[in-house]
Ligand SMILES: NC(=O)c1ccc[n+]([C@@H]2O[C@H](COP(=O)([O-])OP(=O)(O)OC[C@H]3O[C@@H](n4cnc5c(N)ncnc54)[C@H](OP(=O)(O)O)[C@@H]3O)[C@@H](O)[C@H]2O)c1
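Quick setup: one chain, the form predicted on its own, written in structure tokens, and binding and motion questions come after.
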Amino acid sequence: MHKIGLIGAGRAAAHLGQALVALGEPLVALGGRDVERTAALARRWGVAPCTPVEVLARADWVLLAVRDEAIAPVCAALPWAPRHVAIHLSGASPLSVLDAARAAGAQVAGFHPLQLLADPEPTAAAARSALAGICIGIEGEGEVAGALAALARRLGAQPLTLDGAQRAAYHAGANAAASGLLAPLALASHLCAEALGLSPDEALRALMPLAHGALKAASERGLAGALSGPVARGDVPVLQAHAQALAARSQPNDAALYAALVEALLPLAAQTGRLDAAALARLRGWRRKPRLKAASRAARPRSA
């Protein structure tokens, strides 16, 4: 069984180390720049707090749980040997950031949990829960890739094979699925805050059930199946009323973002099968010649 060492004491290290210990995996050493935090985590897990160099003396699998820009310099500063496997946890960084380890004869790999690991001090249950059911992107060769895939499964996750040439596109997708969701939520919260006389936080709390409901529907029925609202109905007058309302605001970026979001939803509207060809054609031209009469009609209360 491989002896595992962790370098780093941030949130990714805290979740992964806690989960490994809870599984009974052979985590033997922890090294980090923050001496006090490293010592506290090491005491909690019953492992040795070390310098990064000492981690390599104790472990053969070495997980570099450090910021992307630190991976290459940290790797280059360590005394790698052929018995080691150097593994980074980055989604964006290529394996070439581990070239110093490769040059010393070590194998290199990537192990990227597709999850927001926000808790700085997760309990064992929280760490296991955060990793259970997620996907973990794995890049490596031969037996190392297979062993990391097996580790992902023991953590309750599904391994995904990463193609190094596609890492940037993969990570862009991951970023869009995480922080990318915050831009439309920010737009929604300040629009509703102004319209309803609420604070942005109050508006966000009012809107969160809608957001949760959309994500739940997407998980259960797919993206097209979850589509609702005027785009799903092909309701061009309502969309034109939205555009006019946003065009009258003092923040032009709001109108541009909303229009971009509607345009991005048009392919999903076509996939639903709910709209005929004529309705789809009208929907694709929703921004042409907005009519005040249509906007006024859209603004009136609609029966359920």
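Numbering starts at 1 and follows the sequence shown. Here the structure is a predicted model, which means the values were calculated and not measured.
Omitted from view is the form predicted in complex with this ligand, to which the following refers.
Chemist: In the model of the complex, does Ala12 come within 4.5 Å of this ligand, counting heavy atoms only?
Modeler: Because a heavy atom of Ala12 falls inside 4.5 Å of this ligand in the model of the complex, the answer is yes.
Chemist: Is Leu89 a contact residue for this ligand in the model of the complex, using a 4.5 Å heavy atom cut-off?
Modeler: Answer yes; at least one heavy atom of Leu89 falls within 4.5 Å of this ligand in the model of the complex.
Chemist: With the partner left out of view, is Glu263 within 4.5 angstroms of this ligand in the model of the complex by any non-hydrogen atom?
Modeler: Glu263: no, not in contact with this ligand in the model of the complex.
Chemist: Give a yes or no for Val66: in the model of the complex, does one of its heavy atoms lie within 4.5 Å of a heavy atom belonging to this ligand?
Modeler: Close contact exists here: in the model of the complex, Val66 approaches this ligand to within 4.5 Å, heavy atoms only.
Chemist: Heavy atoms, 4.5 Å, this ligand in the model of the complex: which of 195 to 203, 177 to 185, 152 to 160, 67 to 75 makes the cut? Say which one.
Modeler: Going by heavy atoms within 4.5 Å, the stretch is 67 to 75.
Chemist: Counting any non-hydrogen atom inside 4.5 Å, which residue from Ala103, Leu116, Ala165, Ala125 sits next to this ligand in the model of the complex?
Modeler: Contact check passes for Leu116.
Chemist: Which residues within 17 to 41 place at least one heavy atom within 4.5 Å of this ligand in the model of the complex?
Modeler: Arg33, Asp34 sit within 4.5 Å of the partner.
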